[in-house]
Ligand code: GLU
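Before any questions on how it binds or moves, here is one chain, the form predicted on its own, in structure tokens.
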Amino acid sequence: MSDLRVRFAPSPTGYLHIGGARTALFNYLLAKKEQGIFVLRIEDTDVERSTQESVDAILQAMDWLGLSYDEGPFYQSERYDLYKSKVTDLLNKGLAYRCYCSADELNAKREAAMKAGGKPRYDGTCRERTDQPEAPFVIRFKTPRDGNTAFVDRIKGTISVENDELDDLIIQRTDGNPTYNFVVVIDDAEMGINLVIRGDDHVNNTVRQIPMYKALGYEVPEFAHVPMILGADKKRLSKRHGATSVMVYREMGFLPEAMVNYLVRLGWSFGDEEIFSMDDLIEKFSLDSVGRSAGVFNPDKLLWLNEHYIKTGDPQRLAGLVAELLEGQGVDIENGPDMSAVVKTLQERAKTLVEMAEGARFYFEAPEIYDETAAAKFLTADKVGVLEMTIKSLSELSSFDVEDIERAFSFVMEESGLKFGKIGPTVRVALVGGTVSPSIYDVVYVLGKEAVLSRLKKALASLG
């Protein structure tokens, strides 16, 4: 086991989105590869927006993706005493100060700075203030004014910012609650996190956090900022690009292995390989192969991967997932055919589990009505003889395997003088209600003798 300690630290203010899931995946893979520790921390300092429902959604999504954590989940809301003690330490050392500037005053300062061609940042009015009036205040960290803050990013290389470009961040609000940039430093240090892998939208936070590590006497960890994910229009991925919640893709019928495979390829590569199992990824993943440019989310590529994993999936496992979907739709599967056999007839064509479940319904629900166009073309008076011969031929079978079924249809073709192309569509409409289904022989075999004869007789009766 190595001394590597990484973490995933989502905010429970909503679902686990695609970008967050990829960050969690990168941390998980590196921890597994290097036999380190993967920590889960819930950053719920945003009291107004954090909900237990969101926490549950995040945990469910990680469980679905197979991203097990070694420690946690830890909750920031349970660590406030620690944060407040650290604020007090900084105040006592003169490394933080009370700021009494009102919101209106701060806005005026920002506007003045922008008019003067500067950045809209706090000007340090209260930085050296010694009086403590009876007025609301926040506590700000005293960012060093001289020198620069630099670090070597494991993905982006050296990043350096002059300290006079940074302002004094608020570390405690007027209500006494600590802020994100402060508590994340304390948590990462106290939890022994020595490599922080997160999105590159945090680069600006990192250069502000490093001086806090030093002021608090903590060792600064390594950082790796992964590129953001863009939509097809090359803008940051958002709801306008479609579903961004991981669990919505589950509802849409995607397999977790397809999602994992797709997410890892948004910014990471291993030669020309496209298909990776989780074991493959644990063996091959490296930050050295994470690119610096943004990944572009392509739903079609995700669909292609899902189709691959359905085609090559274990029918028994897929059967359980499809059964769950059908039961959720109110379909009674108890008295129907074996679900694994059903799945095998649909695997080659289905792109999602939802599509597979929709394609499987006819196995469990005999058609009440027939597709109008299909019936008008294939369930016609001249097909009475075909249906009668098919019923007779199938009825006489002593066994009901695919070879016997094929021989029964061969007999119907000989007796009627018709080719299969004139018989098959009629039988298909009678059995499934329309013109789309797996191979007729497979359908007849999986439905079973009793159900097939019942449906054929019903179709025959409909012709008078």
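Computed from a prediction, not measured in an experiment: that's the story for all the values here. Numbers follow the displayed sequence, beginning with 1.
FYI, the form predicted together with the named molecule isn't displayed, but the following is about it.
Engineer: Arg7, Val184 and Arg198 - do all three of these have some heavy atom no more than 4.5 Å from the named molecule in the predicted bound form?
Structural biologist: So, yes: the whole triplet contacts the named molecule.
Engineer: Although the partner isn't part of this model, could you tell me whether Tyr75 comes within 4.5 Å of the named molecule in the predicted bound form, counting any heavy atom of the residue?
Structural biologist: Tyr75: no, not in contact with the named molecule in the predicted bound form.
Engineer: His202: heavy atom within 4.5 Å of the named molecule in the predicted bound form?
Structural biologist: Contact check for His202: yes, within 4.5 Å of the named molecule in the predicted bound form.
Engineer: Is Ser11 one of the residues lying within 4.5 Å of the named molecule in the predicted bound form, judged by heavy atom distances?
Structural biologist: Answer yes; at least one heavy atom of Ser11 falls within 4.5 Å of the named molecule in the predicted bound form.
Engineer: Give a yes or no for Phe270: in the predicted bound form, does one of its heavy atoms lie within 4.5 Å of a heavy atom belonging to the named molecule?
Structural biologist: No - in the predicted bound form, heavy atoms of Phe270 and the named molecule never come within 4.5 Å of each other.
Engineer: Have a look at 251-259, 313-321, 344-352, 176-184 and name the one stretch with heavy atoms inside 4.5 Å of the named molecule in the predicted bound form.
Structural biologist: So the stretch in question is 176-184.
Engineer: Which residues from 30-48 come close to the named molecule in the predicted bound form, meaning a heavy atom within 4.5 Å?
Structural biologist: Counting only heavy atoms within 4.5 Å of the named molecule in the predicted bound form, the single contacting residue of 30-48 is Glu43.
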